[in-house]
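Next up: a single chain in structure tokens, the form predicted on its own.
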Amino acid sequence: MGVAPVTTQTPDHQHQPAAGGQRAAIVGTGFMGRVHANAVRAAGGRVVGIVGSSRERAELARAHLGADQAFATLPELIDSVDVDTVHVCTPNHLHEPVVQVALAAGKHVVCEKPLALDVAAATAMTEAASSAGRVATVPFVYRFHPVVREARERVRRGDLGQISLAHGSYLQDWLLYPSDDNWRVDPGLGGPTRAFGDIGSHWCDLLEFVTGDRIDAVCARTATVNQRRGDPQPRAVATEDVVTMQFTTAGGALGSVVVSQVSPGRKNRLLLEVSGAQATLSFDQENPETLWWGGRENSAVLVRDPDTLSAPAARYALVPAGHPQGYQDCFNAFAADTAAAVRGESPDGLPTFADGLRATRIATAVVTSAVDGSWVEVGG
């Protein structure tokens, strides 16, 4: 996938989105590219170009993603059409070079997580976005479930009391069998941590987003259940299938999380439960229309109802109660808030490169702890 440096100067008029909506370029032709393209259009934008690993791959995906044109490289795209925002949906090892090209050209950026393979690269990307004065966001989209916003608001106003415990899991089964394979399995393409970097990062982001507290130290163990993958020529696997992690937070809470990509029957089960002195909340991403809320005397299941949710949560409840919202709706809301930030607004809770850097720091601490068998401070 071409990411050679841009040599032309970007006209000033390209720094502001067109009146009809954001002009987006998408780098990457896979599943996430399609999700991003749908979200851009739902937010009133237009996919003006797509870049693939080759021009032919980009052209094959162009119609499916609803893009105006296909290109072999990002510099070619930027030189050919007006672009406001570049969406980076490539394999992880390409995130940094593609983002740096986009920022050097004066573009706003949306980059898939993990932001980078290591802290140094994630730091460089975050600093480059800040220096360029560009909006740079990371799709931690589970923040955009209305009941997650409700949970966050209740914690903010003190309804839980002092938080003492947080725990949960993120479970999938798409890599259950040795014949299941993907580029993420290769540490050269996906990074040194797979299960945690890919989905555990979402869980940690959701915990810190809802509670406003930060994980400050971790103790982790990892396991590679399938030591070899691939068909017909299996190869040795160097990344983990399962992670268990204990942690402490800056606010004094204890916690644990189990992350797995080999749990039969679990498709995308992110579960977060937080307990305080007064109440407990529980959110299950596979049942995103409800939030469990419990106290000593009683408990209740809160429904995603725009008429009863707090204002920060109701903002994301697009349809009446009983009409389900889901993953793509979260992504659409994320894209809409990113577009609002590009227009100069300041949407509450928009995940930025700083959050992506934060996730990289936690993932790095997990890898270090698993190797050393010790508690590791997250830092940053």
Ligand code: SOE
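In this text the structure is predicted, and so the values were computed from the model without any measurement. In case it trips you up, residue 1 is the first one in the sequence shown, and so on.
What comes next is about the form predicted together with alpha-L-sorbopyranose (SOE), which does not appear here.
- Each of 170, 198 and 268 comes within 4.5 Å of alpha-L-sorbopyranose (SOE) in the predicted bound form, counting any heavy atom.
- Of the stretches 198 to 206, 151 to 159, 244 to 252, 290 to 298, only 198 to 206 has residues with a heavy atom within 4.5 Å of alpha-L-sorbopyranose (SOE) in the predicted bound form.
- The single contact residue among 113, 108, 143, 304, judged by any heavy atom lying within 4.5 Å of alpha-L-sorbopyranose (SOE) in the predicted bound form, is 113.
- In terms of contact with alpha-L-sorbopyranose (SOE) in the predicted bound form, the residue from 134, 214, 184, 93 that brings a heavy atom within 4.5 Å is 184.
- Taking the partner from the other structure, alpha-L-sorbopyranose (SOE) in the predicted bound form has no heavy atom within 4.5 Å of any heavy atom of residue 177.
- Contact residues in stretch 303 to 341 (any heavy atom within 4.5 Å of alpha-L-sorbopyranose (SOE), taken in the predicted bound form) are limited to 327.
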